[in-house]
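Taking the form predicted on its own, here's one chain by itself in C-alpha cells.
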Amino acid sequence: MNIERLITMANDIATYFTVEPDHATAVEGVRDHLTKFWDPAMRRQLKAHLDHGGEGLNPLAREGVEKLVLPPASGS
C-alpha cells in the first residue's frame, strides 16, 4: 500500500484518540487499533517508515507505531 495513505490512516486513528485524557491509554489505543485491524504487511511497512524517520506521522501516531510488536514476515 502507498506509504502516504498509511500515514494518513495512522494519523486519523491517532486523532481519534487525542481526546483520551490519559496519554498512555491514547498511545495504547493507537497501537491496539493497528494490531487488531491492520494487515501485518501494512504494520511492517509503517514501522519501516518510522525506522527511517517517520516523516508525516503525528506524535501520537508515532508513539503508537513505536509500540507495535510485529509478527515475523512469512517465508523467512
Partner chain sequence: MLSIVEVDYGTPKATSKTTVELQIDGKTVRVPQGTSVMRAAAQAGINIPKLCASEMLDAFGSCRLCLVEIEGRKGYPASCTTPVSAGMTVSTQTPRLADLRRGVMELYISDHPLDCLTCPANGHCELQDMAGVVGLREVRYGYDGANHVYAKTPAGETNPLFVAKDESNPYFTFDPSKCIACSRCVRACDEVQGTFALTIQGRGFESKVAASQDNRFLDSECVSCGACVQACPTATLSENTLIEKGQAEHSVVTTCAYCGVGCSFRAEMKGEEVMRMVPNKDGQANHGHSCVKGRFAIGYASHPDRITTPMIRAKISDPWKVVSWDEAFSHVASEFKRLQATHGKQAVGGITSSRCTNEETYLVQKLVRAGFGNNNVDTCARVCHSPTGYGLKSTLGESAGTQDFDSIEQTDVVLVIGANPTDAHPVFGSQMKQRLRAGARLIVIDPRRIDLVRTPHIQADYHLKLKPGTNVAVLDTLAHVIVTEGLVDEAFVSARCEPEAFAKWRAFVAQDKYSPEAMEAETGVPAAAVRGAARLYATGGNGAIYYGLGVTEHAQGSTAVMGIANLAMATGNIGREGVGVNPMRGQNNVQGSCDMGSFPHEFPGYRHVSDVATRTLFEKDWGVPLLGEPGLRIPNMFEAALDGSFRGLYVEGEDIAQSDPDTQHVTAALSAMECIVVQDLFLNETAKYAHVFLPGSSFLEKDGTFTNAERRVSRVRKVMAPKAGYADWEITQKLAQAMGYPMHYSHASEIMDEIARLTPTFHGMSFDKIDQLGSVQWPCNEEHPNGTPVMHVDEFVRGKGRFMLTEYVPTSEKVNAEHPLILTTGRILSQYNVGAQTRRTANVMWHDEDRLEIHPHDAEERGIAEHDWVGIRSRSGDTVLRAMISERMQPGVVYTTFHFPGSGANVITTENSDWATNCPEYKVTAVQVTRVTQPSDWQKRFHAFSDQQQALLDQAQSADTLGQA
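Residue numbers count along the first chain shown, from 1. Model, not experiment: these values are computed from the prediction.
Although not depicted, the form predicted in complex with the partner chain is the subject of the following passage.
Contact annotation for residue 50: none of its heavy atoms lies within 4.5 Å of the partner chain in the predicted complex. The partner chain is not drawn, but in the predicted complex it has no heavy atom within 4.5 Å of residue 24. Among residues of the shown chain, residue 13 is one whose heavy atoms approach the partner chain to within 4.5 Å in the predicted complex. Residue 31 falls outside the set of residues with a heavy atom inside 4.5 Å of the partner chain in the predicted complex. Interface residues of 1-23, taken as those with a heavy atom within 4.5 Å of the partner chain in the predicted complex (partner not displayed): 1, 2, 5, 9, 12, 13, 15, 16, 17, 19, 20, 21, in sequence order.
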